[in-house]
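This document opens with one chain alone, in structure tokens, the form predicted alone.
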């Protein structure tokens, strides 16, 4: 890549300290061993690590890719060394429980670090994501013996992990998986089947890889009711011999070329059931919030990297201006400024919304008051599908605009920005495609409780409106947020009305637009809080992208899209309901 990675540390710390107000998290019993100063120091070191160790391998990884040699995956130059430094510094266990060797910092701190790690090299960051997901799943559902044997190894990064769900014939329809787990006399199982799209299904970082596999037992009922969860070690625990797990091939992909996406064949592999029989999907669902949050941050991560790169280029690239004068930096051109404003405003809004969701999960898991925990969980659950869908779409839009700022040079590999477009595109697909996220938002998070979760979000926005007032430099974004909330409330009532009339197809048709509308209005809420927090701050960044200017731009240029989205939600196509 032609330019090194610069972590968005200042923006992240501003949001964490002054918008999310993370000091309240360190009052929770689980986090009283730390404070904001410690967390800030951790993130400062994390930024250095991402810039100096991980960023430099990003372009190399894209150029070389991971390859399959004699049945084993070989990762690109520098990846193994970066992983060793990553584990030696203790980064895998940032928010993991201390009893398993973790540092037990808030999830919010981990998410802020994850943004920098993903922005530095998304392909590299995919393995730590699997480690954390596997650890959480086992902590919640494995028996004590397996937890003590496996979780500390994952938390330290000594062992790798995968999540094995998808099969070729099933795709997102998990109920159609066929992998079979036959019980053995010693209480173990023998698993046979094939799994696709397995991130880091093999790698050359760790000797052991723990595969967490969804499969059926012979007498299981059909559909999702008959799925169980199994732990399948790549190397048998007792004998140290290879288990029956084989990499059939690596997928050739549009992006994330350094992250090996494997087709795994299970050939009578020994496995151990996790949790109750036929309750495997329920166990997997316990990490839905974590996985959505981790994927949600990938859009802002790539968006921040693309924005920083485009901004530097726009300042340095000389072109145009009066014919009788020297050429000017392209940042002086109105259209380039427009693109940079869109990039920063979209990205900052989604970063803040993801941090907001993370902080609510921290409170939901560790708060002292039961009502506060329940309310925080409901708010987080409503926001997460919005964060995932809107965050990934914003990341792709921002990366594409970065290419446009570079012009023809952006289309050339040497610039590095076209890699951002290719890498972030998949974020809208995996961990539940964005259409599925929208359906989940409407069907499960809105209709199931008749809008109770939505009303929590609306109440939070109303509280911010009352707290900030509509005067001074934040007047435009205050009014835009107030108007946006009114539009979103009307759209919500319309969707609830469709449900009362039994018009399921119309609900499904409007779900994606409802999700986008929620994200747009929530973004205005974030910018109102950012502008309010920054009103008395010394914002010495480029005047184009200071907080007040960007809040006004969001209010005047971006939020009006809400009217188009609301109109689409209200359209009823007869053929869609047939």
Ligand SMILES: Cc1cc2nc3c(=O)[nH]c(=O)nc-3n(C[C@H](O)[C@H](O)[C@H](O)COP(=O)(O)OP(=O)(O)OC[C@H]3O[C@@H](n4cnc5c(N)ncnc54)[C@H](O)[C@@H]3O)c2cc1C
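Keep in mind that what you see is a predicted model, and the values were worked out from it rather than measured. Positions refer to the first chain, counted from 1.
Although it is not shown, the form predicted together with this ligand is what the next lines describe.
- The candidate stretches are 414 to 422, 494 to 502, 216 to 224, 160 to 168, and the one lying within 4.5 Å of this ligand in the model of the complex by heavy atoms is 160 to 168.
- Shown here without its partner, the chain carries 349, 461 and 533, none of which come within 4.5 Å of this ligand in the model of the complex through any heavy atom.
- A heavy atom within 4.5 Å of this ligand in the model of the complex is found for one listed residue only; from 133, 376, 247, 426, this is 426.
- The listed set 430, 91, 189, 100 contains one residue whose heavy atoms approach this ligand in the model of the complex to within 4.5 Å, identified as 430.
- In the model of the complex, this ligand lies farther than 4.5 Å from every heavy atom of residue 229.
- Residue contact with this ligand in the model of the complex: residue 180 places no heavy atom within 4.5 Å of it.
- None of the heavy atoms of residue 194 is located within 4.5 Å of this ligand in the model of the complex.
- Taking non-hydrogen atoms only, residue 435 approaches this ligand to within 4.5 angstroms in the model of the complex.
- If you take 59 to 98 and check each residue for a heavy atom within 4.5 Å of this ligand in the model of the complex, you get nothing at all.
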